[in-house]
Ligand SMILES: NC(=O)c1ccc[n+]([C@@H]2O[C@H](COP(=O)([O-])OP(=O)(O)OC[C@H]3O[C@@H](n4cnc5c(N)ncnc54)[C@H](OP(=O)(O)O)[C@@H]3O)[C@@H](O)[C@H]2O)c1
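As a starting point, one isolated chain is supplied in structure tokens, in the form predicted on its own.
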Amino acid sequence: MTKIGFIGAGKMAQAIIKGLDKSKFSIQISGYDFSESEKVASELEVSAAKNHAELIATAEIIILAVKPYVIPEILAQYKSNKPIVSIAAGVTLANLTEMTSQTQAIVRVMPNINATIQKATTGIVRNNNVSDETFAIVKTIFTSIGSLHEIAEKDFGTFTALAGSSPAYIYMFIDAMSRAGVLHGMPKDASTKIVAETVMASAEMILASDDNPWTLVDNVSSPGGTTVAGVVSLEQNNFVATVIDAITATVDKNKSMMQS
């Protein structure tokens, strides 16, 4: 049974822990407030360490589930040669190596908010010090909460935009469509549920099909019909370009945060 220690017990850490098989992993958490950590640990049916030092001493793999600005302080104060997994946005493998050592085994992971329902889309990359055995364990941890994509680190900024930030944009799209339903006489709660179900099924259709999304658009658009009228309206209002601009703005912001 692999011993995993979570430094930080916020929403993302809790979401990951909820998805883990407790028969395969021994899980311990450590926060700044021991009484709060005990409360969260009890709810999650795991154990709480009195402090970070105790957790690091007992864990085989350490998961940093804290805000990016907290990581330098933790890594400066608590030294360990055990594998480290970071889920902090914008903190690169090189950054983490500078805070630890050239021999430190480090895995960088980026789950998204859908981890809270065990449907995360997660990006992962390791440095050369991580063994295949350790990497396999880390991948098992994160496949427990959804899908996992092994990507080059240079693509993490784009991944953050496509998977990390995009749920907010998708929520906006769903809300806009449901408001249109309200405009045309349908109750908001019914309209929202209808749109959300349709978005979910449409995404499943893409994953199940060998066709690209535009082919599926064409399949729904009958000549002279209602759908193509809406598609043309979206095109006239720069829908595609606007979405691309939003992703680009997200990527650019991520780059600027890493440089500051």
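Computed from a predicted model, the values in this text were never measured in an experiment. The first residue of the shown sequence is 1; numbering continues from there.
Same protein, other form: the form predicted in complex with the ligand, not shown, and the subject of what follows.
Among heavy atoms of I194, none comes within 4.5 Å of the ligand in the predicted complex. A residue is said to contact a partner when one of its heavy atoms sits within 4.5 Å of a partner heavy atom; E73 meets this definition for the ligand in the predicted complex. Although the partner is absent from this view, F34 stays clear of the ligand in the predicted complex, with no non-hydrogen atom inside 4.5 angstroms. Although the partner is absent from this view, A48 stays clear of the ligand in the predicted complex, with no non-hydrogen atom inside 4.5 angstroms.
V66 is the sole member of V66, I56, L44, I27 with a non-hydrogen atom lying within 4.5 angstroms of the ligand in the predicted complex. Between 127-135, 88-96, 182-190, 144-152, the stretch whose residues reach within 4.5 angstroms of the ligand in the predicted complex through a non-hydrogen atom is 88-96. Highlighted residues H52, M110 and I113: every one comes within 4.5 Å of the ligand in the predicted complex, counting any heavy atom. Contact residues in stretch 219-243 (any heavy atom within 4.5 Å of the ligand, taken in the predicted complex) are absent; none meets the cut-off.
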